[in-house]
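Below sits a lone chain in C-alpha cells, taken as the form predicted on its own.
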Amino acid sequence: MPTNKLSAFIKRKEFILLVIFVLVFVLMSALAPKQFLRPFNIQSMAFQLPEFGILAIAMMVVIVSGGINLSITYTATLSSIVAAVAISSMSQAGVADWKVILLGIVIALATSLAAGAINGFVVAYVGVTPMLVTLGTMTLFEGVSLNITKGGAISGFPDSFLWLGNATIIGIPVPMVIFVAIVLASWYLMGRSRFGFSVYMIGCNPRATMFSGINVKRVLMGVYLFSAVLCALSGLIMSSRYNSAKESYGSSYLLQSIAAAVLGGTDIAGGYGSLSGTVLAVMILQVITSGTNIIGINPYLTNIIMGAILIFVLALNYLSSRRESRKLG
C-alpha cells in the first residue's frame, strides 16, 4: 500500500475504531482472562451481537436521512409478539413446523412493515419531526405489546423455531450468519444503489435533493420501511434465542443503537454515516457489555458508561465540525 494511502487509512475513523476495539478486547482479556477468553463466552457474544447490531444498522440508516427512530426496539418486540401469538396458536393446532415458522416470519415482517409505514407516512407526508413521531409510536407499540401479552411472555414455539437464534453452522452462530448477510445487503443498498445515494443527499440537504428531481417523500418512506424490516429480523432472533416474546426484550438496545451509530461516525444531523464504523462500534460496545458483566460491575453502571460514551462522542463530533467550519471560513 502506498505511503499516502496508508496515511489516509490510518486517519480514518474506522481505523481508530478498530484500534479501540483491539484495546478494549485486550483490556477485558487482561482483567478476566479465564472467563472472557473462554470459547463459551466468545460464542455467547457472537449470539448476542447480531440482534443488537441489526438494530444499530436500522438506527444508522434513519439517522443518515436526517431523522431518528426511537421506536426501533418496540417495533422489534411488537412484530415478534404478534408472530409469537400466531406461531404458538398454529403449533398447538398441529400445523406442520415449517408452515408455522414460515407464516410466523411473514407475520413478523408484515407487522413491522405496518409500524414502519406509520412512521414513514407521518414523517414524510405529514411532515412531523421524526423524533416526535417515533417517540409517539414507541409508546403506541409498547402499549399494543403490553395489551397482547398482559405484561407476561408468550412461548410455546416448536423446537425447530429455536434453530434461528440458537443453532450453529460449522461452529458459527446462525444469528451471526444472518447479521453478516444483512451487513452485506445494507452495504450494497446504502453504498452502491441509487436509493442509498438519495438517503445521503436528503440527510445533507432535503430541499436541494427535492429540486434535483429525487422524490424525497418516497425515499424517506423507504428508509423507515427498511429500518422496520431490520427490526423484525432482530425481533425474530431475540424471540428464538429466548424461546419467548415479551415487550421488554431488547429495551436497552435503543440507547446502545444510537451510541453505536454515532460512535461509528454517523453524523447525528444526517448526511453522513459509515456502515463499517457502525459494525465496529457494535463490536466495541458488545465487548464492553460482556466484559463488565464478567468482571462483576453493576449492570446499571453499564448504562452510565454507554450514556457517557454517547455524550462524549457527540461533543467530540460537534467540536470537530466547528473546527472544520472555521478552517473553511
Partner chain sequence: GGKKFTIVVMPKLVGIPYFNASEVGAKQAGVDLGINVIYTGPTTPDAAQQVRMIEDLISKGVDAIAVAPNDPAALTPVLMKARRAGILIADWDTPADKKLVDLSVHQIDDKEYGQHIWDLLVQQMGPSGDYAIITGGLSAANLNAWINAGLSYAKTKYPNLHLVTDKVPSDEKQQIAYQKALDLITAYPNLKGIIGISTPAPLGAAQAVEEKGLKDKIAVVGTALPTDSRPFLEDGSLRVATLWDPSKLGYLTVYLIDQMLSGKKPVNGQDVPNVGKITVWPDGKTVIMGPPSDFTAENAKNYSF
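Residue numbers count along the first chain shown, from 1. For the two forms, the rigid core is made up of the largest set of C-alpha atoms that agree within 1.5 Å on superposition. Just so you know, these numbers come straight off a predicted model, no measurement behind them.
Omitted from view is the form predicted in complex with its partner chain, to which the following refers.
Its partner chain is not drawn, but in the predicted bound form it has no heavy atom within 4.5 Å of I172. In the predicted bound form, P33 stays away from its partner chain, with no heavy atom inside 4.5 Å. Among heavy atoms of S251, some come within 4.5 Å of its partner chain in the predicted bound form.
Though the partner is left out of this view, N243 does reach within 4.5 Å of its partner chain in the predicted bound form, counting heavy atoms only. In short, of 220 to 228, 253 to 261, 174 to 182, 100 to 108 it is 253 to 261 that has heavy atoms within 4.5 Å of its partner chain in the predicted bound form. Heavy atoms closer than or equal to 4.5 Å to its partner chain in the predicted bound form belong, across 255 to 293, to the residues Q256, Q286, T289, S290, N293, ordered by sequence position. When two forms of a protein are overlaid on their rigid core, residues whose CA moves 2 Å or more are considered shifted, and S276 is not one of them between the shown form and the other one.
Once the cores line up, the CA of F36 ends up 2 angstroms or more apart between the shown form and the other one.
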